[in-house]
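Heads up, the chain below is alone and in the form predicted on its own; it's given as structure tokens.
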Amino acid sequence: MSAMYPELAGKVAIVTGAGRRHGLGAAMAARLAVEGCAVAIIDLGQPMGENFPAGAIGASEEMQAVVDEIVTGGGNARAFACDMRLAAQIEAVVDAVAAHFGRVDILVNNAGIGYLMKPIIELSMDEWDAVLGVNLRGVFAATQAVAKRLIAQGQGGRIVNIASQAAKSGFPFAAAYCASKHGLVGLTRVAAIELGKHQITVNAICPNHVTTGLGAWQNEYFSKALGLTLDQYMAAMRGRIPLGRPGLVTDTANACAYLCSNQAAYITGEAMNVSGGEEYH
């Protein structure tokens, strides 16, 4: 893919939750790198207990693999480990990114937990806290840290929050996830109002289902929970999407690049559906 937005060349973008190959965060980081952005790949770096197991987080080796793919393609990237539940770590990593690349222009809040799915009566408070801690608290802390730097730089900026179709519709077994993503849209709107005077736009993207590694796990989980075969579950999904297919990582990555570009300079406070017509609220 060739660059579409030349004004993004030389910008510095932070993409959280980008440390898994073939994941949504990695795709957005790669897309911004194609546009000429230097990209900071942020992820947890190592497993941390039962709520953050290996295979569900971006480990340091995989984070470096994402960086290597971008560099091999001619881009500029570096990996930084960070626990998105801890504001002090987030502040430190934003400072580290700015020290390495010279500035920060774009924040893509993509880090999230989408694998702690249980009925309400079975979900533990620890699991609830883990989901809300990453999906909402972490986004708030990252937005706060980056907004301070963008304001100090005085040249505006872009914040893109990766919400979900679950930010607008409810789904069974996803109480914490849906609550966090609904909250993320509210945070997006408030941040857009407050930061607009600094020429910082804040928008959310609401993808429907995307079959990444996490998405494949979700397909298996929900098909079993609903008493369907995987083929039946996927056929039903395709049947309710007007464009006839689930989302691709490139669909969201393209929307992200657009919202970071000058073409979207007058768009802020929006929660953009990227769902093939499945979600229209």
Ligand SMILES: NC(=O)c1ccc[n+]([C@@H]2O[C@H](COP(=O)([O-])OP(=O)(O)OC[C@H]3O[C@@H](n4cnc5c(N)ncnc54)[C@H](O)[C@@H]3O)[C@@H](O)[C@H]2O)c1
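This structure is a prediction, so every number in the text was calculated from the model and none was measured. Don't overthink the numbering: it's just position in the shown sequence, from 1.
We do not show the form predicted in complex with this ligand, though everything after this point is about it.
- With a 4.5 Å cutoff on heavy atoms, residue 181 counts as touching this ligand in the model of the complex.
- In the model of the complex, at least one heavy atom of residue 162 sits within 4.5 Å of a heavy atom of this ligand.
- Mapping the unseen interface onto this chain, residue 215 counts among the residues with a heavy atom inside 4.5 Å of this ligand in the model of the complex.
- Residue contact with this ligand in the model of the complex: residue 83 places a heavy atom within 4.5 Å of it.
- Of the candidate stretches 204-212, 186-194, 152-160, 120-128, only 204-212 has residues whose heavy atoms lie within 4.5 Å of this ligand in the model of the complex.
- Checked against this ligand in the model of the complex, the candidates 77, 111, 176, 97 yield a single residue with a heavy atom inside 4.5 Å, and that residue is 111.
- Among the residues 248, 65, 56, 241, the one placing a heavy atom within 4.5 Å of this ligand in the model of the complex is 56.
- Along 134-150, a single residue, 134, places a heavy atom within 4.5 Å of this ligand in the model of the complex.
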